[in-house]
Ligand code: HEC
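Here you get one chain, nothing else, as structure tokens; it is the form predicted on its own.
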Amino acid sequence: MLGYFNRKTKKGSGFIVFIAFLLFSTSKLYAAPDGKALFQANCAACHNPYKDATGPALFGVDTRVPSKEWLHKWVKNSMELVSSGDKHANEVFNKWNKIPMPPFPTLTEEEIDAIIAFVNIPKPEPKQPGGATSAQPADTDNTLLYAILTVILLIIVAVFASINKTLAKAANQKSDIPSPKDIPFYRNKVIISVVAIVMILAFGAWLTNASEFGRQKNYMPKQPIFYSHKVHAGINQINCLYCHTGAEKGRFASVPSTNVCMNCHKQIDEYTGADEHPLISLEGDKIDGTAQIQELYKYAGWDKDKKAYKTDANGNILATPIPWVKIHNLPDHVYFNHSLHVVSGKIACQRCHGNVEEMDEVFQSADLSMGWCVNCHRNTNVQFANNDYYSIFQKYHDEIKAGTRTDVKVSDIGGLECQKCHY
């Protein structure tokens, strides 16, 4: 009887686990579509919820069309509606310069409804100036205070030493014990030794700093446009490789041209995050983010009001390159390949450039010296797993499998050879 009950219990437990798995899978399968993610992936290139861009503003779009079913058909294939002679479809098509909307046949009706629900969220009211703000403690430098306290303590020590010396002389006189003869401080061997050691250390520190000449660590030049990596790469989480496409293809990471910036800024023509993240320069000046976007438009040749590029008589766009100031510079005799490190070595951008996603103004965070690079090659483990680039090092693969080796450093595969970086 007990065995029968155990068998029934095991079968029942298995059935319960199966039902739980089925419910979990079903809930995942039929999870509500993420309207924001769908909008950003499919619509954001041409539409803004609250203002006209390449396409019309989408806020309240479901109230401006004949029906929800019509809207589903328009999103899935707008030109099919236009070619069918639909009056409203042709009105929209003609109003927007007969630019066809790309079809989205893979979007389900539920996903389209989720996008509509997202764009119908009312625009948040901007915070009024003069509102209550939490006071932030200002950063203070206490170096001067510490210096003054140090001097005061040294004076106190000198005073007590003088008092001690006077008392010792008085005690010796009372006991008829001769006191040692005073030696001038400039002839005192202890003082001379201490001064000599301090001077040698100071000269060594100066020599070390002098050898840093030309490495440009902490170099932060003034750029023609205040471009905040914190806003773009940090807050909005734009991947580094979206702008710096060359980093995984060749030696140079490349600086994006204005048309890459305009992929987003055709729609984004003002900076609305000043309350949450005000733009402050290194000198403490407040930066107008919207004005910086207007500077971009000047270089790109973009007419904000007409939402079109300015052209000359021959139809050429009146755009000029932005004269960005290069920050990270290596000597001409040094070879560095971005793709070798990013793709083959799988090194994160922050390893060399610092936490760029936290910088409003980018600066050179590492000294990029030969010693810095060599130490990285000595200490960095090569990522052998699922990396075809290192498949030729069969010996190391065999040793790792056999347990005779735990890791492989860059120095083990020629990372310290002179000709790797100098040629």
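Note that residue numbering follows the sequence shown and begins at 1. Please read these numbers as outputs of a predicted model, since none were measured by experiment. What we label the rigid core is the largest C-alpha set whose atoms superpose within 1.5 Å from one form to the other.
What comes next is about the form predicted together with the named molecule, which does not appear here.
Heavy atoms within 4.5 Å of the named molecule in the predicted bound form are found in exactly one of 160 to 168, 96 to 104, 308 to 316, 186 to 194, that being 96 to 104.
Put simply, residue 77 is far from the named molecule in the predicted bound form: not one heavy atom of it is within 4.5 Å. Although the partner is absent here, residue 70 sits close enough that one of its heavy atoms falls within 4.5 Å of the named molecule in the predicted bound form. Interface membership of residue 261, defined by any non-hydrogen atom within 4.5 Å of the named molecule in the predicted bound form, is confirmed. Residue 271 belongs to the set of residues with a heavy atom inside 4.5 Å of the named molecule in the predicted bound form. Counting a residue when any of its non-hydrogen atoms is within 4.5 Å of the named molecule in the predicted bound form, the hits in 216 to 251 run 223, 225, 226, 227, 228, 229, 231, 232, 233, 236, 238, 239, 240, 241, 242, 243, 244, 247.
If you fit the rigid core between this form and the one not shown, you'll see the Cα of residue 93 move by 2 angstroms or more. Fitting the two forms on the rigid core leaves the C-alpha of residue 79 displaced by at least 2 angstroms between this form and the one not shown. Residue 378 is not among the residues whose C-alpha shifts by 2 Å or more between this form and the one not shown once the rigid core is aligned; its shift stays under 2 Å. Relative to this conformation, an increase of 3 Å or more in the Cα-Cα distance between residue 305 and residue 42 is found in the predicted bound form.
Relative to what is shown, residue 305 and residue 92 are farther apart in the predicted bound form; their C-alpha atoms differ in spacing by at least 3 Å.
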